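One chain comes next, on its own, written out as structure tokens in the form predicted alone.
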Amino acid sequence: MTILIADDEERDRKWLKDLLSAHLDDQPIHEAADGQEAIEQALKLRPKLVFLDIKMPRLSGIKAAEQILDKLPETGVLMLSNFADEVYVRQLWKVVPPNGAFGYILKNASNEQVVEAARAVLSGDCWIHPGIARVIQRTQNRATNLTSAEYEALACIALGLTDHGIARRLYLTEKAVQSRLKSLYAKLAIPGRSESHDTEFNQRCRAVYLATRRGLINQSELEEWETKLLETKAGG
């Protein structure tokens, strides 16, 4: 039963390898330094468990997990992150099989928690760090979880696009864009213009601020969206 650790920080790989070697007897442990190498190693070794740092060169841990699970759906995946960003939780939920074994560990987890998570996933269960339990609940609550359309609108306004610009890039009417934004503002608890006389906040700016604070968007995610939207314009 093989374990693969993928992290671009050698220090973190050593920490995990030493920890797992001490608590999981006779498990061969291999290493990868980025997401692409993780995929190559996983396809070659067919590990029972893969540790994937979320932010890695060449390919993120989420994208590496998607490709690994596509080819090796029985592999257990444990994501490692310094952040409890909701954007990562959303992405992870999209790539893991409904009945798959997976986990999400913050890098400030105790050694005991890491070992507990590894054993849980190896046995076919899931393990989520207590520090992101509230984030998980939010992504499963229809009143607060953003739909794909609402999230798309959020990314667009965070990039500075106008309603007209969003409509052009997403092939929507401006009325449809405004409908998405209205729904987005409601889920972020931002009063509509007709609901409040308080005009101190600009709704778009407030939405971006709250989404950033909540971890719904971050710089790397917005860079990907900008590339995607530029490609859409070029293709159009």
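All figures in this text were calculated on a predicted structure; none of them were measured in a lab. One-based numbering along the sequence shown.
What follows is about the form predicted in complex with a further copy of the same chain, which we do not show.
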If the cut-off is 4.5 angstroms on heavy atoms, which of these, Val121, Ile157, Ile105, Val135, is the one near a further copy of the same chain in the predicted complex?
Ile157
Exactly one residue in Arg168, Lys187, Lys48, Arg58 has a non-hydrogen atom within 4.5 Å of a further copy of the same chain in the predicted complex; which is it?
Arg168
In the predicted complex, does Thr212 come within 4.5 Å of a further copy of the same chain, counting heavy atoms only?
yes
With heavy atoms only and a cut-off of 4.5 Å, decide whether Leu161 touches a further copy of the same chain in the predicted complex.
yes
Within 4.5 Å, heavy atoms only: does Arg11 come near a further copy of the same chain in the predicted complex?
yes
Just to confirm, Asp26 within 4.5 Å of a further copy of the same chain in the predicted complex by heavy atoms?
no
Pick the stretch from 89 to 97, 107 to 115, 136 to 144, 70 to 78 whose residues have a heavy atom within 4.5 Å of a further copy of the same chain in the predicted complex.
107 to 115
